[in-house]
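Presented below, as structure tokens, is a lone chain in the form predicted alone.
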């Protein structure tokens, strides 16, 4: 299945501040390696899968713009822009809003409550799995439900290593979700088990390799290659798995999905 995604080159990717437990200003990403890892992901989409990659121009002083998925939740022609919790990231929203306007999107609005787009939301069939606890708020989930007219499965994140929902939970197809149970509270685990026909459980070590931060078209699963055991679980579930090195971006708490905004959900 051909897809269209939006990416932002890591020209200004750096650790300029610390807003999650992965980020340390004394542990900077290697610029060349980060560019190589980003380019390899880009080439997987274009050359291996035949997807179309659109690009937004990076902006100096906005190092986390590279994590394009965080800018919004997009379903069909509707875009709900993020209201980032940390002031350091808030200027990103206008950059992405301009890109959407310039590219013909007319149903674009910013959330009224703290909300971090695809970082905390994953479309699952006709539902949205959404996380709150560190960045997005439960009130934002109500906004989501109203704006998109989709049921929202609201989960509470409790582990700061997985501050965004998409770092500990992956939608692989309309029946399958992979997740690290320890990232969310017990009530959320029960909700998930009730809503999802097939769950794949990852261990803490597997999750820390950012292998749950995936892009999937229902057949191909693209993710970090850091945990071979997790990739094996995806293969055993019937998916074609494409692992790729991405760990320079883990230094800022990001992975494959963070770098990729899917435009045609």
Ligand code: ARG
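Computed from a predicted model, the values in this text were never measured in an experiment. Positions refer to the first chain, counted from 1.
If you look for the form predicted in complex with this ligand, you will not find it shown, but the lines that follow are about it.
So in the model of the complex, is this ligand close enough to residue 20 to count as touching (4.5 Å, heavy atoms)? Output for residue 20 is yes: heavy atoms within 4.5 Å of this ligand.
State yes or no: in the model of the complex, is some non-hydrogen atom of residue 254 no more than 4.5 angstroms from a non-hydrogen atom of this ligand? Judged by the heavy-atom cut-off of 4.5 Å, residue 254 is in contact with this ligand in the model of the complex.
Might residue 89 be said to contact this ligand in the model of the complex, defining contact as any heavy atom within 4.5 Å? Yes, contact at 4.5 Å.
In the model of the complex, does residue 5 come within 4.5 Å of this ligand, counting heavy atoms only? Outside the cut-off, so no.
This ligand: the contacting residue among 180, 115, 124, 163 in the model of the complex [heavy atom, 4.5 Å]: By the 4.5 Å heavy-atom cutoff, the listed residue in contact is 163.
Pick from 223-231, 60-68, 41-49, 198-206: which stretch has non-hydrogen atoms within 4.5 Å of this ligand in the model of the complex? Checking each option against the 4.5 Å cut-off leaves 60-68.
Just to make sure I understand: among 129-147, which residues lie within 4.5 Å of this ligand in the model of the complex, judging by heavy atoms? Residue within 4.5 Å: 135, and no other.
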